[in-house]
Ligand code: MEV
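Just one chain follows, in the form predicted alone, and it is written as structure tokens.
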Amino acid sequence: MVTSSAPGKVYLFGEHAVVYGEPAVPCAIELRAQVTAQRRDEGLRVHAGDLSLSGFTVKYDGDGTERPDIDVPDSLVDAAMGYINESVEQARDAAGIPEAGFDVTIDSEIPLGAGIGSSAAVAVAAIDAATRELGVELPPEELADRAYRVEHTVQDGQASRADTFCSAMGGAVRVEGNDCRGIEAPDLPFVIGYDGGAGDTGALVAGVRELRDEYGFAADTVGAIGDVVRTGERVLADGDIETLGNLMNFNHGLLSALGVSSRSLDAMVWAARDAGAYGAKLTGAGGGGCIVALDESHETETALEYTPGCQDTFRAELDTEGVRVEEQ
């Protein structure tokens, strides 16, 4: 039996645009998904708990014939099951044991579908735990690549390498197409607001693609996000948090123009800004879920606690460690 964990992430800049080859800068945060894999004679059984901040438990046989009966949108449940099934397939392939059976247990601090990297963290941790259980140890770069293949399959070919690379490697990373690398970042004062909801990543990415294909100005908006990222990289290297916050505000406006924000996300973003945050934006696919703000004080947390539609708020530290094996 092996237990591995991997961190979630927030985007400083670049979500959605990264799908089209523009750069993005996600940062790993100290919220983790933990996956335990234990070999069994055949088949796959999955036990999943705490996949949202409000918490629920899933138990199912991973043969595609049974669905968990829980109060979560069907698209998210189907995707969550798909991530586990595909991750196990990647582990079997890496080890060269296509018929290996597993009991898989997932415990995650990361809200499901909220834009802070639940699926990537689960995929990275699951592949690491399952391959180690089969006697194979993969380098984090290969774990990131295999986890990307999982997301690429489940998201119908619309995933980027950003989430999985960040989760596998930890810290702040820069991703542009297939070029993935770690970058230096100061200890950023992240504050996260969560509306209790979740966006459908596949549907949201597809919606942006339709806009981009139909309207030239939507394609220009995607390119403008890339320009924000390139400017933000230089600002991040200088440690200029005030300017970094201003660029996050720009990025949120561009994402809103692409239709991926929501009333609750916008309310939290403006509450954070009004409370004096350096900047605030949605993080991840959007449609619901989380915003990330930069604020060294407690003012943003307090403001979010009183914002209608905000279910939870918390601080998050930059996690410089990526995937790791947990002590048994």
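Since we're looking at a predicted model, the values are computed, not measured. Numbers follow the displayed sequence, beginning with 1.
Heads up, the form predicted together with (R)-mevalonate (MEV) isn't pictured, but that's what we're talking about next.
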Worksheet item: V19 near (R)-mevalonate (MEV) in the predicted complex, any heavy atom under 4.5 Å?
Response: yes
Discussion item. Contact with (R)-mevalonate (MEV) in the predicted complex for D128, defined as at least one heavy atom pair within 4.5 Å: yes or no?
Written reply: no
Fill in: Distance check, N251 to (R)-mevalonate (MEV) in the predicted complex, heavy atom within 4.5 Å
no
Practice prompt. Flag T201 as yes or no: does it have a non-hydrogen atom within 4.5 angstroms of any non-hydrogen atom of (R)-mevalonate (MEV) in the predicted complex?
Written response: yes
Practice prompt. Could you spot which one of A37, A285, A271, C27 gets a heavy atom to within 4.5 Å of (R)-mevalonate (MEV) in the predicted complex?
Written response: A285
Worksheet item: What is the one choice in A144, I225, A159, V191 with a heavy atom within 4.5 Å of (R)-mevalonate (MEV) in the predicted complex?
Response: A159
Worksheet item: Taking the partner as it appears in the predicted complex, which of 84-92, 101-109, 136-144, 151-159 has residues with heavy atoms within 4.5 Å of (R)-mevalonate (MEV)?
Response: 151-159
Worksheet entry | Site check D195, A277 and K281: each within 4.5 Å of (R)-mevalonate (MEV) in the predicted complex by heavy atom | no
Item to complete: Check each residue of 205-221 against (R)-mevalonate (MEV) in the predicted complex and list those with a heavy atom within 4.5 Å, in sequence order.
Response: V205
